[in-house]
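Listed next as structure tokens is one chain, alone, in the form predicted alone.
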């Protein structure tokens, strides 16, 4: 059993027959527990290390133990591999590996697979002891072919059993080998990745997985007449590949934050897992509290003592933290709060993506509680925004919320390796004596800012309260004092806004329609805009990173377009609802902010948005408003 290295593949008859493509979308789906996610993650990582652009999306069932051979139980990974930078999941898959026909239907149900796509389907079911299963498999096979898919029946289990005794624990690595043959992946990189991943489990486990990969590679090499070559865009820039939760964890350390206090919640938990494994090497603590309220309470205690902590959660956890977020605003305690958004309301869709927490982040606290809210748009930004968030929390002495989502948290992307800078690190706690002539809340009249005393600093002790208070932190119910302190806390946002730059427009500065987005939809929106502009349509886009306060200049930018429309992954009614229509969350805010008649289109399928769908919607809206520009009309 021999597997050629990548450089040995060139020049062989098989290599010469490979079809060159600029990008391909591969999906691997199985029952939960069969390892399709691991297979997909490793395929994506290896592709990135070969120099291809990569964007992955996890396919995760909502239940921990979903029914076997069911649509609801589909688990896996979508990997978009391209010649250059890949910024989103793309449209429909070109090749799908399915461990049974029922999980494949879950992808067909959401129109995830292109007509003409190749399907590598586990063939064991046609000989199953159950007549029902045999009939279901045969019916599905005929149905798939009638839908235009090209089905390759693959004896995955039979071949795996030649290498290991339990095919369920080896099929994913065998498939990784088969995909590596089809896409000409560098086997030496696979070996290295297997060594890294299974190092803790010992050499026996590593060797077993290496043998499975090579068996899959050899079988596909001999039996599957599909070969794709995805060129690599040359670059001298060192790159890294990771998901958004790992990027958040690295950003926490790069920012010098040494305390993460949280309670486990999907899909945020892996960020704390990463920090727990890394803090022991660089210094820092992950505190797992008994619940979300205790987690942020612990963090705020650390903040009072002089640290700038981070707490990481998801929608239901954010709901529980809101009273303490209000306390952080009132007491002016620096803290970074990461909300990895998932579907809602309540416990909603724990494993699926949504951008439904924007209004909750801005308003879910008693009274008027102004706070900074930011939203990274890429996995790389998940890293850098943690540094910015820490600095803003300290400079503006209060909470900073960072909204990521499940798409960023669990997806993988490669990006230039950050060059860590000393100025990113949090400065040491000021131990010099506090100037007794300066009160704990000596608010600046123009900015609302005040210096931050730290208990332990000589003269730095002060009473902390969530009640209305004056500059001395004395509880005060006088009308004038409450008015003054509210003004001070509000002016922080105005002061921050003056430091922000007007966001750049993607495309021309004027046109028929401006698409506005936030968060993880960046790549899909800009790809849709590129396609529309190639058709001659006067469409541009704008992506917001600051949501409280907004970046300046939005009304002036909007005035240069005939129509402005947000694209978001939260709910909005159809335009046919007229005045009763509920708008998408960013659209609702922008109309209030700019007094512009901002339109919106949003969807909550539990998956990231595809660029093709966005492009179709924009074409439709342009047509409805009689402003569609035919090709060449610019």
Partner chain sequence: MYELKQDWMPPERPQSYCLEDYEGGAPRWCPGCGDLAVLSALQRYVRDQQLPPEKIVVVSGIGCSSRLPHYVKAYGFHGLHGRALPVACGVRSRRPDLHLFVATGDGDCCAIGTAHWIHAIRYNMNMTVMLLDNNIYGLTKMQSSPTTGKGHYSNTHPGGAPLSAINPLLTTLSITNASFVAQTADWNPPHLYATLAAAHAHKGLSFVRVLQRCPHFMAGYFDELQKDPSLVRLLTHENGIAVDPAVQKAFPNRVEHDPGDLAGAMKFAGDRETHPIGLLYRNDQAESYDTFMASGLGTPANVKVAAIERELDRFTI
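Computed from a prediction, not measured in an experiment: that's the story for all the values here. Numbering follows the first chain given and starts at 1.
The form predicted together with the partner chain exists for this protein as well; it is not shown, and the discussion that follows is about that form.
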| item | value |
| --- | --- |
| Stretch in contact in the predicted complex with the partner chain, which is absent here, among 143-151, 414-422, 215-223, 104-112 (heavy atoms within 4.5 Å) | 414-422 |
| Residue 458, heavy atom within 4.5 angstroms of the partner chain in the predicted complex | yes |
| Contact label in the predicted complex: residue 367 to the partner chain, heavy atom within 4.5 Å | no |
| Partner contact for residue 477 in the predicted complex: the partner chain, 4.5 angstroms, heavy atom | yes |
| Distance check, residue 281 to the partner chain in the predicted complex, heavy atom within 4.5 Å | yes |
| Proximity to the partner chain in the predicted complex, single hit among 481, 319, 454, 500 (heavy atom within 4.5 Å) | 454 |
| The unique member of 264, 345, 552, 301 whose heavy atoms fall within 4.5 Å of the partner chain in the predicted complex | 301 |
| Heavy atom contacts to the partner chain in the predicted complex at 4.5 Å, residues of 245-271 in sequence order | 246, 250, 253, 254, 256, 258, 259 |
